[in-house]
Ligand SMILES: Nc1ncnc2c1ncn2[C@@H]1O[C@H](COP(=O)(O)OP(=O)(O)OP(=O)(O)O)[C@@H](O)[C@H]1O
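In structure tokens, the next block holds one chain alone, the form predicted on its own.
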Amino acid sequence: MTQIRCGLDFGTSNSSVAIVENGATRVLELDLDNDNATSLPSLVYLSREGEQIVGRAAANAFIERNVDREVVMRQVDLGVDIEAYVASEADKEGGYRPREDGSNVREAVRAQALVEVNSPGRLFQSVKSWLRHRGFHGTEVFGQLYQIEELVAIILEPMKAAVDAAAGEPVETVVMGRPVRFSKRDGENDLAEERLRRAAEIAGFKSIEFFYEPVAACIEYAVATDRTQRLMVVDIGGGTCDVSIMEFGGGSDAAGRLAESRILGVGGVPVAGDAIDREIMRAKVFPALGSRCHYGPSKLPMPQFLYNGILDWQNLYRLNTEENINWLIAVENDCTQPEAIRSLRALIQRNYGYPLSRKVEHAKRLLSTEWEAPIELHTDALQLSVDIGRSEFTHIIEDVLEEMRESIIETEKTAGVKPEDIDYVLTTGGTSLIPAVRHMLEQRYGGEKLLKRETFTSVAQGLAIVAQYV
């Protein structure tokens, strides 16, 4: 069998894989279309013709084929009858005649659904965050049912193929990362891990071990130094904020240092980059689309379900009904922000939810280096232009930052350590680059203790190192 050992980090936003061959760790290229070829965006595009496109190409295909097209919704007969009770609630029509005995009657009702009839394909992102939801088993795409495990496996398959190509033969064993907590509920944690295991099996792995992602990032750093030290890792990606505190002995080699190591505490919350994006949308984008607008003679407030639908951009098309669009046209003619409502209607009709989410994410990243960032999206009917400053951004995400801070403090208590007991704080994951996050850590531990690791691949490298000894 091959001497290659494999570590795989399946992330909410990005995924990576690393191998160890003859003692040397190497991160594999996965997506040549991406800015960083060793990082695979965790995206899947399923076309009407049966194509399965992964990574940056999935996003490109969705934008090219779906954005700025007319969305047509239609009621379709599902071909089944469902049981329903009639006569249990009085019909207020003039011809209503109640039954004298007052009983309920069961009758068959034809099932119908509202569907988009001309969609060329669907894009899925943040699939990892769905693993914990017991009520979500999968989704139907153009008549074919995809279980949640199958959607994840589609992303894992090119990663498995890259490992096999590097080894020159199929690699059946993998150490996969997992967050400390997929969810705040224990039962959902177990369910998420079991689903992830099944997805890896579908992708072709036969022997699968799980390892905490922040602990893997800790090991990636610690095995390269022979000093005795106590380390904390704060790993904040798209879906989770994970924390680990470890103590390492000063062995003469990696195996010795690992043998002398011990985990003092782990913790985490399912709150990270995606939650921050949603807060930016609510605070900055929603008002620009009329969320504070009032309409009609009575100056009624806008219904917020329309804006909450924008957060779930993958299902934005469901708002594009004749009833909703005609209502928005009427509101536009008698409201306090007609241009904003016109932009909202264009966003829904022309399926601009995903491009808008990318603009928000780009602004968030830009604020890591700039004091102000624009969120702009301009088309014939949609004119959106807002700016967000770094200080305003920090205020917007205060609640998210506080959840992260509480998780870090809780992990200290679990480990039985104080901030002064920690030698270094290692940061990884894209959200850890946000200045407000780094400032929070600097205030507690001091800037001299913060060490930034490879943003997207340090976890995969640590998992590959662990794979040598599991």
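On a predicted model such as this, the values are computed, not experimentally measured, just so you know. The numbering used is simple: start at 1 and walk along the sequence shown.
Heads up, the form predicted in complex with the ligand isn't pictured, but that's what we're talking about next.
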Exercise. Which of these residues, Glu247, Asp274, Glu193, Asp164, gets a heavy atom within 4.5 Å of the ligand in the model of the complex?
Worked result: Asp274
Seminar exercise, completed: If we test each of Met440, Leu28, Val54, Leu433 for a heavy atom within 4.5 Å of the ligand in the model of the complex, the one that passes is Leu433
For this session: Tell me, yes or no, whether Arg365 is in contact with the ligand in the model of the complex, where a contact means a heavy atom of each within 4.5 Å.
Result: yes
For this session: Mark Glu361 yes when one of its heavy atoms lies within 4.5 Å of a heavy atom of the ligand in the model of the complex, and no otherwise.
Result: yes
Problem set entry | Contact flag, Gly239 vs the ligand in the model of the complex, heavy atom cut 4.5 Å | yes
Exercise. Any of the heavy atoms of Arg132 lying within 4.5 Å of the ligand in the model of the complex?
Worked result: no
Problem set entry | Heavy atom distance at most 4.5 Å to the ligand in the model of the complex, all of Gly177, Tyr212 and Arg453 | no
For this session: Just one of 365 to 373, 221 to 229, 167 to 175, 282 to 290 has residues with a heavy atom within 4.5 Å of the ligand in the model of the complex, so point it out.
Result: 365 to 373
